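Given next, in structure tokens, is a single chain: the form predicted alone.
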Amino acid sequence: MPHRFSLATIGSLSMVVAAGAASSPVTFNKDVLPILQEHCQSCHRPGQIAPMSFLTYEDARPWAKAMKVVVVTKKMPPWFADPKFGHFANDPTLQQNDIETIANWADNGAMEGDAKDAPKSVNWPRGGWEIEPDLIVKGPETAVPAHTKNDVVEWSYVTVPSGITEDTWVTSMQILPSEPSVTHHICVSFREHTPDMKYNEHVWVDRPRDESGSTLPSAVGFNARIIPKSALSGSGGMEGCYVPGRVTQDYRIYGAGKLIKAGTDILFQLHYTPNGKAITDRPLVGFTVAKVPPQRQYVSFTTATPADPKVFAIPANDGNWESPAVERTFTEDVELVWMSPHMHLCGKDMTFRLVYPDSGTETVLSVPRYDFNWQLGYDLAKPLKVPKGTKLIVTAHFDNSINNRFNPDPNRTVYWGDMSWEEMMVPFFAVVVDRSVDPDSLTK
């Protein structure tokens, strides 16, 4: 005989089920692991930038309380874009219910739960890669000493052959140091081969420095790049970098690629920091390769304020110094897809604005709390159409005061320089255009 229930009975049962669901314990396998896979494991796994792995319960359990603290305070995952401006494809920000799930798990015994509840493991690339490279180029070996005076190792530049024998469209790129513990940054540029090219030769300048290790003001900007700009690409030279929080450039999300011509050489810009142990770094550069040429090309730009100490000098104890702005005018229609601020320990904020030909202005990226430890790139969720004649203006502020906990010495003037205790104001950005467009013609 079929059961008959009144509406009141059904309502009571619903309340019981809801109460049961609410009281069911939060477990790692069922509730926490899916969050970690989506938002955390790209960094928190062996060979990546994070100091601990979150691939398994055994990995994550000792960090449960710490995980709660950093997600509740929103220190993790690292993300610094002001949400009022722009939407970004790589935004890892946790939803509030995810934060509450991790906090509940940590507060209630950090239980493992049933293994059957665990999602399938993510098939992450091996060997420290974020991409599955089709082509790998070996970079130069660099011996990093255990110590130097003030632990200064000047930037060096080394050219290696790419080994590419036919024009090749690449769709992503990753720079992979073998010794990230001493790698401050590695950037690469593509160069047309010339008969006088010398491979695997380190080139650098021993700059005159004071006792603190800072470049003397009279020498600021002296051979600042060593390699003349004419030897670099018209877009500004740097095609990709390894820096904290940014190791991969992926053009596939925009259906675009970069053309590397046959016989191209790769110029490495290398910056290492001694850590007390003599070590040799052997970086690799990996590329994914397009099976057919993409319709659009991805063009990277590197810009910077003047290094002249007459205009770039951050006064001692100034907590909000504004640097000269960077301006670039687009001379063709483009689609803006990516931006990344670069400063050093005194960096405070950076803002990217577009001033359109009709005088309208739009803030496309605001990073109000810049963190040198996480030099993130920001991929626009949707390419932004930028008409010819639009001006990109980038402004930044620096905190050279005692209130900046990263500031090594608020009582000295800070000038432009390569070391972290010196300063830079370098906005990076990228656009996509039709593959037939000359990348050297896009800005002035």
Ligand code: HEC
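One rule holds for the numbers: they count along the sequence shown, beginning at 1. As the structure is a computational prediction, the values presented were derived from the model and not from experiment.
The protein also exists as the form predicted in complex with heme C; that form is not presented, and the subsequent description refers to it.
**Request:** Note which of Leu94, Val158, Leu336, Val243 lies within 4.5 Å of heme C in the predicted complex, where distance is taken over heavy atoms; exactly one does.
**Result:** The option sitting close enough to the partner is Leu94.
**Request:** Heavy atom within 4.5 Å of heme C in the predicted complex: which of Thr395, Asn404, Ser53, Ser42 fits that? Just give me the one.
**Result:** If I apply the 4.5 Å criterion carefully, the residue I get is Ser42.
**Asked** heme C isn't shown here, but in the predicted complex, which of 295-303, 73-81, 163-171, 274-282 has heavy atoms within 4.5 Å of it?
**Response** Every other range fails; the passing one is 73-81.
**Request:** Give a yes/no on whether Phe372 approaches heme C to within 4.5 Å in the predicted complex, heavy atoms considered.
**Result:** Although heme C is absent here, Phe372 would stay clear of it in the predicted complex, with no heavy atoms inside 4.5 Å.
**Asked** If you check in the predicted complex, is Ala381 within 4.5 Å of heme C, heavy atoms only?
**Response** No, Ala381 is distant from the partner.
**Prompt:** Within a 4.5 Å heavy atom cut-off, is Val414 in contact with heme C in the predicted complex?
**Reply:** Flag for Val414 set to no.
**Prompt:** Counting only non-hydrogen atoms and a 4.5 angstroms cut-off, does Trp63 reach heme C in the predicted complex?
**Reply:** Heavy-atom contact with heme C at 4.5 Å: present for Trp63.
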